[in-house]
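Take a look at this single chain, the form predicted alone, given in structure tokens.
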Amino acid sequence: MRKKVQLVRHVPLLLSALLAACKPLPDDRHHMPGASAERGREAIERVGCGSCHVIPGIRWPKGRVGPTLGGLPRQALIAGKLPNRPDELARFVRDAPSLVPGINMPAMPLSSEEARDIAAYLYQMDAR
């Protein structure tokens, strides 16, 4: 009986440890060496990503066809399918239909570098 009481005392500590293990990884998981968030913002405006998405820091347009991109750095998945990693986001921004068949987002006229810049911009949005 005494061991059961001691075990029950440790349940809150065990639950706290489990919750701490669920914390998101540090922000450096979205680090994009060589990419420029400022060039990414310019590319977003040039190709018109805001026509379909609300994007923090992009004043106009604020389309509602696609999901808002605010909070993207905190999401576990991109489009509910892909791991939210810099390489996957850059590939997705450039050619979403090849990665998620049936998605409404079209392939975008972007170079690999521009897609990386856009990913850098999208990842740093919450830091503003």
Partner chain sequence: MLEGWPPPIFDPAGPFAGSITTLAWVLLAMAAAVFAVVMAALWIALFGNDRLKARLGGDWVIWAGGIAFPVVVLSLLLFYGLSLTRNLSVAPGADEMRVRVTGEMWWWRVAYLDENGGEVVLDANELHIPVGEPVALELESNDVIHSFWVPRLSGKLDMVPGRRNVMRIQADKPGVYGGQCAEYCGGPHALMGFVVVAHRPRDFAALIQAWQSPPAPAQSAGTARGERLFFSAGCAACHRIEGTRANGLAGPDLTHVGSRRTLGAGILPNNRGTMMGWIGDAQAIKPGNRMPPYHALSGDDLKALAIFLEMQK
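All values derive from a computational prediction rather than experimental measurement. Numbering follows the first chain given and starts at 1.
What comes next is about the form predicted in complex with the partner chain, which is not displayed.
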{"query": "Option from 72-80, 86-94, 31-39, 57-65 whose residues, in the model of the complex, bring a heavy atom within 4.5 Å of the partner chain", "finding": "57-65"}
{"query": "Contact flag, S51 vs the partner chain in the model of the complex, heavy atom cut 4.5 Å", "finding": "yes"}
{"query": "Partner contact for S111 in the model of the complex: the partner chain, 4.5 angstroms, heavy atom", "finding": "no"}
{"query": "I103, heavy atom within 4.5 angstroms of the partner chain in the model of the complex", "finding": "yes"}
{"query": "L99: touches the partner chain in the model of the complex, heavy atom cutoff 4.5 angstroms", "finding": "no"}
